[in-house]
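Two forms of the same protein chain are encoded below as C-alpha cells; each is given separately, as structure 1 and structure 2.
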Structure 1
Amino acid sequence: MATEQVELRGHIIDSLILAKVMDVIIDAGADYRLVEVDIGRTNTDQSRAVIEVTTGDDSSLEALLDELHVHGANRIDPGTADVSPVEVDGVLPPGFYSTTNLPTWVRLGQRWWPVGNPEMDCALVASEGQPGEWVARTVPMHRVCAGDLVVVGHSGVRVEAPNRPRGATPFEFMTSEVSSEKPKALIVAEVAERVRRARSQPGAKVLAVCGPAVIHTGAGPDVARLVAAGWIDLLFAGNGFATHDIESNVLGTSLGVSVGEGTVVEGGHANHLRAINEIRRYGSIAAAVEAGYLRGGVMYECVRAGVPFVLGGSLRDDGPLPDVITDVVAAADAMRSLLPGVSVALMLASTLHAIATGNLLPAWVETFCVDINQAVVTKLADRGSHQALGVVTDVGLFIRGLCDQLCPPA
C-alpha cells in the first residue's frame, strides 16, 4: 500500500472542491481518510482539510496525486523543486511537471516564488534573477530552448484551490452543474455587471470568443454595437465567424440565407466564397475597410476601434481570409500574447476556439460559456477550466440581452 497526505485550502466547501476531490479518489479505486477539517465560520473565512490518500502502489498514488493537484490538493510536505535542463529545443526533460491554470508557486532555494502567468498544459521554467532570487514562468512545450531549467516531478510545487463566485447572485446555484433551467434575464444582467466591473479596473480587458453561430442567429449587429461602444477589447474567432460576418454585411446573407428575411437566396451557397475572394483581393480586412468595400459588422468595428483580433485557422476553412493564421501553433502564440490583462472572457457559441482559449487563461479570469448545446457548455469545465460558468441558451438572445444592458437606446 502507498499513502500520502494532501491539503486543501480556500473556499473548498461551498465551491464543492472538497467533494470533488473525494469523488476523484473513489473513482480511482483508492481510499481516503479525513485527518483534519477546519471549516470557516463566515463567507470570508477560508477552510482547510487534510486528507490521507491510500492506493495499492506508488505508481497509482503518483497518478492520483497528479489528478488531485489539478483541483488544488497539495502534498503536506511539498519539499523543494527539482529542475532539469532542456537538451533539445522543443523537447522537455522526462518527468516534467505539467501545469494547471491555478495560481502556482515553486519552492526554489528555500523560498516560494510565484508563477506569474499560470497556464495549463505547459512546463515550469525557472531562471535565476538577482543573486539568490528565482523567476518561474510557464512555457509551452514548443517554446522551450536548450539550457532552460524545467521543474520535474511534483516536489516544491504548490497550487491554490479554485474558487467560485460567492454570495447572493444568480451564479450562487450554478457552481455544481450546468442546466438550461436558469433565470436567463438575471444571468444576463449579472454578466453585464461583471463586464462593467471589469472595465472599471485600470488595464482590465474583456475578451469575446465567437463562433459562426453568433452571425447565423442574427447577433452580429449586437456584437458590433458592443465593440463600437468599447465593451469588447479583444476578439478571438475563426475563419467562419469573420467570413459570415463580412458576407452578411456585404451580401446580406449568412451561409446563403438572407439575414433580413430568413429565406434561402438563389446561388447564395457561394456567397461566403465571394466575400472571402474580395477580401483576398484587397489583401486584408483592414484594407477592405479602408477601401470602403466593408462598411459594417463586427470585423469592421474592430478595425475602426483598433480592437485586436486573432483568427485561428482549421482544416475546414475555405479561402481562408488573408488575416487568418493558418499555423495553429502560431495562432495559439498570437492569442497567448494578447491575454495579459483579460479579466472577463465571453465564450459565445464556440467549441474549439473556446477550449483553446480556456487552456491559455489563468483560473482567476471570469469565464462565461454560452451555447444552446449543454454538452458544449460543460466541455470547457471538463477540460480543466475551473472558472468557466455555463449558460445554456440561444446565443442570439443572450447577446441581444447583454447588448441591451450595456448599450441601452439613447
Structure 2
Amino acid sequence: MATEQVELRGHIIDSLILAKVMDVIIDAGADYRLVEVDIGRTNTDQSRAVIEVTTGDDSSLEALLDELHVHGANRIDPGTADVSPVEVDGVLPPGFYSTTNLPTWVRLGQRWWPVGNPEMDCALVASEGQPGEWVARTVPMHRVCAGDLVVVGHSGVRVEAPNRPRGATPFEFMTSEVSSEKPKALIVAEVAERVRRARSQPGAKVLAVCGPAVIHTGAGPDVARLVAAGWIDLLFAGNGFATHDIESNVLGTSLGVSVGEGTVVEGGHANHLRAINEIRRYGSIAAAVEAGYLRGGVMYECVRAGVPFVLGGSLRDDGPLPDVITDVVAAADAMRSLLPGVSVALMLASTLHAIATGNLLPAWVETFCVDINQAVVTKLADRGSHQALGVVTDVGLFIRGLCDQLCPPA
C-alpha cells in the first residue's frame, strides 16, 4: 500500500476538476479519501480539497500522482520525520513523538515506512537496514538504548483513522460502545463468529485475558474447554485467576466457596494459599501438571495444549504462584513479545489486566470487553483502546454461551 495526500485549489467545483480527479483515481484502480474540502461560498471564492490517494504500490502511486499533477493536484509536502539519538539507555530525547495504537507510517528518505507494531504511549525508533531502507518500530521508553534514533516532533508521521468492524451484524446497531441493553445471545453469536473468522486466517491468534471472576462465576470449565478445543492461543491473567483456577480444580473451591454447591467451606479461606503453596513446592504450574497434582482447569489445559500464558503480578498477590512475573515491567515485556499475530482479544472480567493488555494492542485487534461492570469497559476506552466493544453482562453466562457456540456437544 502506498499513500500520499494531494491538494487541489481554485474553482475546482464548477470546473469539474474535483470530479475529474476523483474519476481519474478510481479509473486507475486506486482509492481516495477526502481529507478536507473547503468549498467557496461565492462564485469568485476559490475552493480547496485535500485528497488522500492510496494505491497498491509505490510505482503505481507515482504514475497516478503524475497524472493528477496535470489537473493541478499537487502532492502536499508531508515533511520528513526528524530523528534524534537516545543519549542514555531508557531515556527518550526531548520532544519525542508519543505513539498511538493506530496504524502508523513514518516518512524517512522520501518514502513512507509502516510501523510494524503499533502500540500506544511508546516512542518510534527508526533504523536504516540497507542504505535507503528504513525500519520503524515502536519501543517502550524503558527499552530504548543509547544511540537509537527516535522520531521527534510530528513532521513526517501519519496515522490511519480507526475503523469499526463492518458488516450487517448486531454491532451495526450498537451505536454506543458499551451497552447493557442489547440482546446478549446475538452478541455472543457475533463474537463467536469473529473468533471463527479470525482463526480461519493463517497465523491469526485469539487472546483471552481473564480475571478471577471467571472462576468465581463458574466459567472456569468452559474456558478450559475453549483452550482444549484450540480456540484460545494465548492467555494473560494475574496470580488471582490462576490461583483460583488451580484451587477450584484441586480443592473444589474458589476463594473458599464451593464451586459445585456455592456454599462456604469450613477453613476454605486458606484454600487458595494451600494451592499456591503446593504449586510452589512443585516449582511451576507445568511441573504440577507433570506430577499429576493438577488434573484439570484452564491452566492445566494451557500446559497440556502448549498455550503460552503470562501471569503478571501485583502488589497484593498472595504467594505468588512461581509462574507469576512479579516485575511488572518484565511482565508487560513478556506480554508484548507474544502479541504479534493476535487479531481478536477477549477481555473477560478483568480490569487491571484488560487495561494493561489494551495498552499493548494495536487498534486493529478486535477487542471485546465482557464485564458486569460498565465502568470497566468505559475505563478501557478512556485509556485509548477505542476499538474495544463492550458487553455488559455476567461473564459466566457469556462464556457459557460462547463455549456452546464454539464447542457444541458432540
Partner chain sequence: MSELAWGRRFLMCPPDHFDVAYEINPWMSVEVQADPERAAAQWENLVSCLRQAGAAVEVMDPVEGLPDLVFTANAGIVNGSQFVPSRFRHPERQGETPHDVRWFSCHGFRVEELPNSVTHEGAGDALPFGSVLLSGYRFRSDAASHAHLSRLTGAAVRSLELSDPRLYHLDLVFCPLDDRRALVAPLGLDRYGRKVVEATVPEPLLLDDDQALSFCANSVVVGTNMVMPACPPALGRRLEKLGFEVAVCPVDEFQKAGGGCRCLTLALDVSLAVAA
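C-alpha atoms forming the largest set that superposes within 1.5 Å between two forms make up the rigid core. The shown structure was predicted, so the numbers you read here are calculated from the model rather than taken from an experiment. Every residue number counts along structure 1's sequence, beginning with 1.
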| query | finding |
| --- | --- |
| Structure number of the form predicted together with its partner chain | 2 |
| Rigid block check between structures 1 and 2 (A275, P103) | yes |
| Smaller rigid segment rotation relative to the larger between structures 1 and 2 [°] | 142 |
| Per-residue C-alpha deviation between structures 1 and 2 [T42; rigid core superposition; Å] | 29.5 |
| Core superposition result - C-alpha of P78, shift between structures 1 and 2, Å | 4.0 |
